[in-house]
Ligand code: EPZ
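The chain below stands alone, shown as structure tokens; this is the form predicted alone.
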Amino acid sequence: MDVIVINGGKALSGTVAASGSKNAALPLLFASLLAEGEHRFDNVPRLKDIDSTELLLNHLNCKTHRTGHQLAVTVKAPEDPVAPYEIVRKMRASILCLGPLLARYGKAKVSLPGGCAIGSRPINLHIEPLQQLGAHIEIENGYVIAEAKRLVGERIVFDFATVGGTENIMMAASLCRGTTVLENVAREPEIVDLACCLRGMGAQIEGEGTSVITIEGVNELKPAQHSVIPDRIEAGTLLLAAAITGGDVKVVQCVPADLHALINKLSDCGFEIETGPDWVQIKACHQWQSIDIDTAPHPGFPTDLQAQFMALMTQASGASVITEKIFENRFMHVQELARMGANISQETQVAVVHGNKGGLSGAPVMATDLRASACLILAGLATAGETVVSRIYHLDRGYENLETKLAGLGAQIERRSA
């Protein structure tokens, strides 16, 4: 099993490009199920989660072909629209095939995705809205079994702004009969990207990026030709890597507006930030100030950058209060940071980080989830000793060659076989 080995203490410098967004690519690929024929997606990152999505699409009688960062999906009607447990268990986002299969073929059988390391992510946020659209749904033997002759548009109010739930119902409603109005929806850039792709396929959607999305159902859609947006979480992680090392780094091929919450916090810490149409540059700060953050749905501070920001706060001047309001179990990196010498006190979903620049030391640590793996790598970049991060299969789910990108900025980091 591979590990990441870091010898930190070096300021990063240079220019690095963000890859395509994992969280945007996954729903886009599942949206291909809405229209038979050949779909083409550009700027698709090479990640384990993308591999898992391809595997599920292949099981559903689709053919996939990758050339570099372009992924072609040829969709044919599945012999049996079933998403089996042995595939779904690898990735919770597999539930996103439920809405498209049901809307396009009138039935779907999708395995329950099971537990999640960072939180429960309740399945009812997908099931109940589909029932409101007229689906008959039962849960039997660990599977969601759904049927509907044709879904019918309805007004749906989400209990809270769920990203996956919003995406699933957007896709299903595109082929509904009549008008669907979704209220209290997620506003993330990935939602906007999905709406743009669906509109290119012939869907009638408006309101994406706001709290209300209106969809006028159509009888059929055409195959997609779409380029995935840049990964704002990867771009943010690279900016934080530069920050924690006191570096000077320009992140290109990104969308600065999607990083607004992070940029504001970094500016408040004392870092100098410059932005252009598709780039953000962060410049060295000798000693940065601690800043409190509360994670929140977009446009608030993203939960997917909370762990990485905590690493930065271990080196800040003063104490920082970090409140996790999205997932109930997303502080598992705290114990691993403590192994490196971090002074963090935690109670339920609030962590107080007592900053001490130079207070970390290299240690063997274990990644517990995707963003925790990035957090530990950033912490390793800030130490003068050797840090070995294990269980990096988490990292490969959502970061394309992160160690290579960091090495290109001057980090002493490499992947080794343990």
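The model shown is predicted, which means the values in this text are computed figures rather than measured ones. The numbering used is simple: start at 1 and walk along the sequence shown.
What comes next is about the form predicted in complex with this ligand, which is not displayed.
Distance criterion of 4.5 Å from any heavy atom to this ligand in the predicted complex singles out 328 from the list 328, 274, 347, 80. A single residue from the set 315, 162, 245, 306 has any heavy atom within 4.5 angstroms of this ligand in the predicted complex; that residue is 162. Partner proximity in the predicted complex, defined as non-hydrogen atoms within 4.5 angstroms of this ligand, places exactly one of 173-181, 143-151, 88-96, 202-210 at the interface: 88-96.
Of the heavy atoms in residue 39, none are within 4.5 Å of this ligand in the predicted complex. Although the partner is absent here, residue 124 is a contact residue: one of its heavy atoms lies within 4.5 angstroms of this ligand in the predicted complex.
Interface residue remark: residue 23 is counted as part of the site for this ligand in the predicted complex, having a heavy atom within 4.5 Å. Proximity of residue 336 to this ligand in the predicted complex: non-hydrogen atoms within 4.5 Å are absent; the residue sits far from the partner. Taking a 4.5 Å heavy atom cutoff to this ligand in the predicted complex, the contacting residues in 370-403 are 370, 371.
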